[in-house]
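Two separate entries follow, structure 1 and structure 2, each one form of the same protein chain as structure tokens.
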Structure 1
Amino acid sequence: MAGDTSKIIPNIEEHESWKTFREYLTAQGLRVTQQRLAIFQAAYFSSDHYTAEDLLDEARKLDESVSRATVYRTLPILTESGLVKEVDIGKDYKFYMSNQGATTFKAQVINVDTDKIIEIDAPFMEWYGKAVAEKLNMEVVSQRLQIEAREVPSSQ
């Protein structure tokens, strides 16, 4: 995982995203725990895509008592809350990334040799999805554009 999540975020209690997650937990009848706080911080403040195992490693840097089971139980809660999004690239595991209010539609380019995911702006896709849905008298619920590619060897 990229980004420095090895330190606890100062004033996390005042951060709007933490308030949102805390309220979501409460509304679902779930407890707000130190382990969930560590998982939230590692997940939400990461600047790159990550797997559940990556998240476990980062969360344990914040709270060594975080268990694998708690990470796997918390990830669906984070995605349902809208604070984290799940990225499926057709593997037997998922990637995740923080959903910090991106305003432009993003396309995902997946390097098939490394599984690295690169997100690029693709505002035309939002327009295209809306245009197609309107033509069919429908409403867009979700859409995604994934491109699988590999680096081209440089000719020397």
Structure 2
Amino acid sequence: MAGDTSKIIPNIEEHESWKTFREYLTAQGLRVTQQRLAIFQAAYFSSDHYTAEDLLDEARKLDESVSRATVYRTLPILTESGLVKEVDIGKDYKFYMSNQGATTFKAQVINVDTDKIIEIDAPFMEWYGKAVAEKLNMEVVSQRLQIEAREVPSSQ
């Protein structure tokens, strides 16, 4: 096996998310490969937002055989499984983040000076989207609220 996968989080392979991921692959008729496992681990056990390129770097620390193409081919699997969330803030590349314990609707506050993304709860937004869609006789597939802001040069 290329790359020990249990260095960062103790007993990481016993974490239930592993089971979820393996079962998802199997259920979809997809194979459980070393590369997919490495990419999953790097993607899911991350606490921040990352790009495909960031993910490639991290996954390679776990299995150096991982290629850029496989990262791009695996990301849709991760997002469709619900384990990872795609975050598009209007740049020419996408961000992703682990979807660990996601429940309530989140808005993103983007610091325009640093590009840092802060996720904040915005539970009532969910209701708002539904209400608007209903008026148009539509059903919500997804929604996002993004606020670009900059730090106030804290006076006094």
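Keep in mind it's a predicted model, so treat the numbers as computed, not measured. FYI, numbering is relative to structure 1, first residue = 1. Throughout, rigid core stands for the largest set of C-alpha atoms superposing within 1.5 Å between the two forms.
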Answer check: the form predicted alone matches structure 1
Once the core is aligned, does E148 move its Cα by at least 2 Å between structures 1 and 2? no
Aligning on the rigid core, one finds that E139 shifts at its CA between structures 1 and 2, in Å, by 5.8
